[in-house]
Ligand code: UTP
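The chain below stands alone, shown as structure tokens; this is the form predicted on its own.
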């Protein structure tokens, strides 16, 4: 006897699949939806891995994981910014030569995580479109494009650029690039794909929340989800076809990032001499914390257990403050190495993270106030207290899965001027000041006189395009520099 058609309808299949994981309430208002709303909800449902949800709900919602410090946690070893330092010296010339070889051979890709909006800055639009140049007001995307164009000028290769957007800003990002003619980059070398999302869940029941009668409440799956998105979007396959072996990872809010640093790339690849580790699967840059309470994740190492010696980043909120305040005999902080979210990842390592269950990144739980509807009445609820759980992954959780990892110290003035807040630290103003200070240092090193005030700060506003130079040495080689900067001058090079 044939199965009744109603039991094999798409709606019945959805009900059956969701009922099996205790989530059929999401279809309570199916009959009240238009066909387009039904299609949209169906697409949302089918994009989620429901087979994994019962385990995630049990592990992260009904239970609250407790962070455990690595056994006998130690500060992670790192290569000092000075390659001739007494401790862990390394060969900068060899590292740079190897990195330049990789760039010329087309083995490097740039990858920016750009799913955020500029709302916290009072800017409506993708954060990458925010005007960040100290003098020119160039958008962040344009500043990164300059770095890629500069690499072409120096190495004769168009480095492919992969840009992870979010459902919230994907279309606007594409329109922005089209309106600016891809900032002079070949269209075929710029690749866009969207970040994945996770359903938000009720804090007490584990039921998936609905933000409308036909829409699941979702949240981005974290910057760690970027590695899954690389795989799911086909970007990893595209990299493989291009011959890419190393992925330069950075976040969209840092206009001074040296995103194609040949020295860092060479160290990652195993060049650099006796102080540097052999070829790594994932490498990171760090800056020394300015003070113990500075809110930077810390590079730590397992002191015992099966992962002894492996590096991981411990969030500042998870490392006891008394440990963060510990000092060495010379007065420096013992736990000094702060993360700036700049990494190089081996393409094959990222493939392993996506295909081998033993290398799956953990999820992190966040309790939030999530507007949602009552799935009995359809009434919209705006909670006064945390009512939901969001799950996200962090990219740095891949570090302890590495057999080998390089951590390289850098100077925050050189490479860290993030724009996160409207005012104060990590704001547009502080970023402009850092951009100016870096440019002033480079110019002074090249013999250019730069006016400074009573407190030693540049009495001018300066900006050096990454196409002009990404280091002071490149600036000197570029030539055509002024003899002096005038007081109060605004100059972009």
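Model, not experiment: these values are computed from the prediction. Residue numbers count along the first chain shown, from 1. Rigid core (definition): largest C-alpha set, two forms, superposition within 1.5 Å.
Below: the form predicted together with the ligand, not depicted.
S.K.: Looking at 203-211, 240-248, 106-114, 184-192, which lies within 4.5 angstroms of the ligand in the predicted bound form, counting heavy atoms?
M.R.: It is the stretch 106-114.
S.K.: Using a 4.5 Å cut on heavy atoms, which of 100, 175, 392, 409 is close to the ligand in the predicted bound form?
M.R.: Exactly one residue meets the criterion: 392.
S.K.: Just give me the single entry in 310, 170, 223, 96 that has a non-hydrogen atom within 4.5 angstroms of the ligand in the predicted bound form.
M.R.: None of the other options qualify; the answer is 223.
S.K.: Is residue 253 close to the ligand in the predicted bound form, meaning a heavy atom pair under 4.5 Å apart or at it?
M.R.: Contact with the ligand, yes.
S.K.: Given that the partner is absent here, does residue 259 sit within 4.5 Å of the ligand in the predicted bound form, heavy atoms only?
M.R.: No, no contact at 4.5 Å.
S.K.: How about residue 83: is it within 4.5 Å of the ligand in the predicted bound form, going by heavy atoms?
M.R.: Although the ligand is absent here, residue 83 would stay clear of it in the predicted bound form, with no heavy atoms inside 4.5 Å.
S.K.: Going by a heavy atom distance of 4.5 Å, is residue 285 a contact of the ligand in the predicted bound form?
M.R.: Outside the cut-off, so no.
S.K.: Counting only non-hydrogen atoms and a 4.5 Å cut-off, give the residues of 146-174 close to the ligand in the predicted bound form.
M.R.: Only 164 sits within 4.5 Å of the partner.
S.K.: Checking residue 122 here: with the core superposed, does its CA move 2 Å or more between this form and the one not shown?
M.R.: True for residue 122: a C-alpha shift of 2 Å or more.
S.K.: Is residue 218 one of the residues whose C-alpha moves 2 Å or more between this form and the one not shown after the core fit?
M.R.: Yes, because once the rigid core is superposed, the C-alpha of residue 218 moves 2 Å or more between this form and the one not shown.
S.K.: Is residue 390 one of the residues whose C-alpha moves 2 Å or more between this form and the one not shown after the core fit?
M.R.: Yes.
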